[in-house]
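Below, in structure tokens: the form predicted alone, a single chain.
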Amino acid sequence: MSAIAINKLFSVEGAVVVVTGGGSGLGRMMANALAENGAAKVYIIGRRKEKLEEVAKGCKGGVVVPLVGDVTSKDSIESIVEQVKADSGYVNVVVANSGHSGPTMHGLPQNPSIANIRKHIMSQPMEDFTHTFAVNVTGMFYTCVAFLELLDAGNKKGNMPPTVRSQVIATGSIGGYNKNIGVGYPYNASKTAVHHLIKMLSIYLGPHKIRANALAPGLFPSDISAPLLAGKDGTQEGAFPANFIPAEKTGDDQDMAGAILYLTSRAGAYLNGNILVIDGGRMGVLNTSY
């Protein structure tokens, strides 16, 4: 088979992958895509056991392994690492996908006064703002770092094509570029931090042959986007006007599958420090720093 044949170029055959937040939304989409396309093991991490088990049951037997854990707890992350180490001994990819929306500006009147704005924000506990960063930034960072030795072992295992080095992949967001409020102040700011941390890790870990990349999704079906979708199926073309999303729809399972398979296969092996935007053109109609 030619080296540029699609079955070779986009193969994740035999890969061992960890996906946090794998019980729903983007994490579920990524876990399904990897399992359906030949990954040897996909460990999905989350706090809700029933959601994790539901995803595992829907995939090829034994490929998706549910592990209950909390990325805001260092002890929990370390425990997960030890479980993966005992089971497989190495990983090729860690997808730090767990996310939290945090406090929003919903509920304010149209054209709010400065008094309205102050009252709304000051009524929100500071701990809620901080927790958004604890999940989206701190949890992401410590997850990536905790698996470094197993990622190094993945390089040495040699189960991937020679030029496909181990990597960490974080789930960022186009919110990290959005200068409007979007989901909320802490969410957007935290995703900006995710993007920058990934670029820093790509340089710092480069000499150790471990890559760092991120996805910056636009609107996809997930717990975070549920309030905006209001129960409708946004994946159908025409669900949104072109001046809101030029593609006129949210992303779907195939869109996310294409992105994660590109990043984790030989096709994306030359990416390092990259923030891969997948948004149907949404940022083109927003006030962004992109």
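What you are looking at is a predicted structure, and each value in this text was computed from that prediction instead of being measured. Note that residue numbering follows the sequence shown and begins at 1.
If you look for the form predicted together with a small molecule, you will not find it shown, but the lines that follow are about it.
- Closest heavy atom of Thr72 to the small molecule in the model of the complex, within 4.5 Å or not? Because a heavy atom of Thr72 falls inside 4.5 Å of the small molecule in the model of the complex, the answer is yes.
- Task: Spell out, yes or no, whether the shortest heavy atom distance between Phe147 and the small molecule in the model of the complex is within 4.5 Å.
- Result: No, Phe147 sits far enough from the small molecule in the model of the complex that none of its heavy atoms falls within 4.5 Å.
- Task: Decide whether Gly218 counts as a contact residue for the small molecule in the model of the complex under a heavy atom distance cut-off of 4.5 Å.
- Result: Contact check for Gly218: yes, within 4.5 Å of the small molecule in the model of the complex.
- Answer yes if any heavy atom of Arg48 is within 4.5 Å of a heavy atom of the small molecule in the model of the complex; otherwise answer no. Although the small molecule is absent here, Arg48 would touch it in the model of the complex, with heavy atoms inside 4.5 Å.
- Query: For the chain shown here without its partner, which stretch in 199 to 207, 111 to 119, 158 to 166, 90 to 98 has non-hydrogen atoms within 4.5 angstroms of the small molecule in the model of the complex?
  - Reply: It is the stretch 90 to 98.
- the small molecule in the model of the complex: contacted by all of Val12, Gly154 and Leu263, heavy atom 4.5 Å: The answer is no: none of the three residues contacts the partner (heavy atom, 4.5 Å cut-off).
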